[in-house]
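First comes one chain, alone, set out as structure tokens in the form predicted alone.
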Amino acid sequence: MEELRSTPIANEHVKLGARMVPFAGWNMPVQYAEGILAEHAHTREKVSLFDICHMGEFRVKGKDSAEALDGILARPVRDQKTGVCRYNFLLNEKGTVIDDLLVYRITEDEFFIVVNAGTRDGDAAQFRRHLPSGCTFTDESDETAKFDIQGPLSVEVIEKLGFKRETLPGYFKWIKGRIGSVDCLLSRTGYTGELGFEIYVPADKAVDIWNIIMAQENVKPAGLGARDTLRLEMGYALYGHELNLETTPVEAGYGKMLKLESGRKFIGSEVLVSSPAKKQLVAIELDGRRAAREGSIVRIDGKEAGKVSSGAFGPSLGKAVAMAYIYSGFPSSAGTRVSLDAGKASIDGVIGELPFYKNGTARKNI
């Protein structure tokens, strides 16, 4: 059995009473002493700090880097401006998703790419395979630490770290700055639906920065459990669940982002243009608090119509919700009644619309 990796903050989690679990090959905190529900609520109401140091970070440089990445990634890259980060997809020749990722344009000829922990090696191999010789590719994951500060009060925390409100980046934009004497990259991004920022610092400074942030008023730590319920309420995809090697970004609901009608060519584009979607991702609101789990069969009029990709009780909603793929040929519009297999019983529900939680502050003007 492969030994689990630990982030630079592992000992700090233990001191805080975290329950540690395996995740994508890493030993990660799933929750702290107050529990997932409390961490979820604190993020929605105040501000939480997440250790996301397990994520991977790459750097691509070269005068042809924008054009090269435009042909590798599913969303356009050439028109992405410096100072902007963009959600994107790395596909294979079948048009299915190797990974979903964030692309930061640092300069005209330099990009910083953030990838999922479990797909890091495969992603790196795909980039190295397709980048031309004029581009350099560097895996900076082991030297980079990443923290997410998420919640309506996150701006106040960022200000206490030394940033001026008027200089903070807009939604899906980034700036460079310093926390004390430590250089960092700060982006207005996150995975909770709340106003928030992601901070990248050198890994050898991670503990210092973690403790500085934790010392700020209203900040509490949150683990993977709350991160999952928060993202599910927003309808955000999780790799390995909504996105995988059996699913295209079109099937996952991201077709408009790809601008396929433009005729732009990228890895997997021909399949996406020529092949109809075999399934569609939908939101399901369940009748009660009992959650349906990944893989549960979805039935419409008693017939198997799809499978659940993610499901949980939504603490901010007071009921259970799920995302599921409905096969082509079955109704998938809002208002369609469904039942989900749950062992010997079933759970009734109705197809709704994403996001489930509609009061998020992520796009709030600051």
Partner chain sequence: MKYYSADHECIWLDGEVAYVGISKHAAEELGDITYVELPEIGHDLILGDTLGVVESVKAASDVYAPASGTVIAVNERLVDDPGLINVSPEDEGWICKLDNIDHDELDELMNEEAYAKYLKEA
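All figures in this text were calculated on a predicted structure; none of them were measured in a lab. Numbering follows the first chain given and starts at 1.
The same protein has a further form, the form predicted together with its partner chain, not shown here; the description that follows concerns it.
Only one of the listed residues (297, 38, 300, 66) places a non-hydrogen atom within 4.5 angstroms of its partner chain in the model of the complex, and that residue is 38. Here is the short version: of 248, 119, 229, 88, the single residue with a heavy atom within 4.5 Å of its partner chain in the model of the complex is 229. Its partner chain in the model of the complex comes within 4.5 Å of a heavy atom belonging to residue 344. Although the partner is absent here, residue 290 lies within 4.5 Å of its partner chain in the model of the complex, judged by heavy atoms.
Its partner chain in the model of the complex comes within 4.5 Å of a heavy atom belonging to residue 313. Its partner chain in the model of the complex is approached by residue 19, whose closest heavy atom lies within 4.5 angstroms of it.
Shown alone, this chain has one stretch from 331 to 339, 29 to 37, 66 to 74, 49 to 57 that lies within 4.5 Å of its partner chain in the model of the complex by heavy atoms: 29 to 37.
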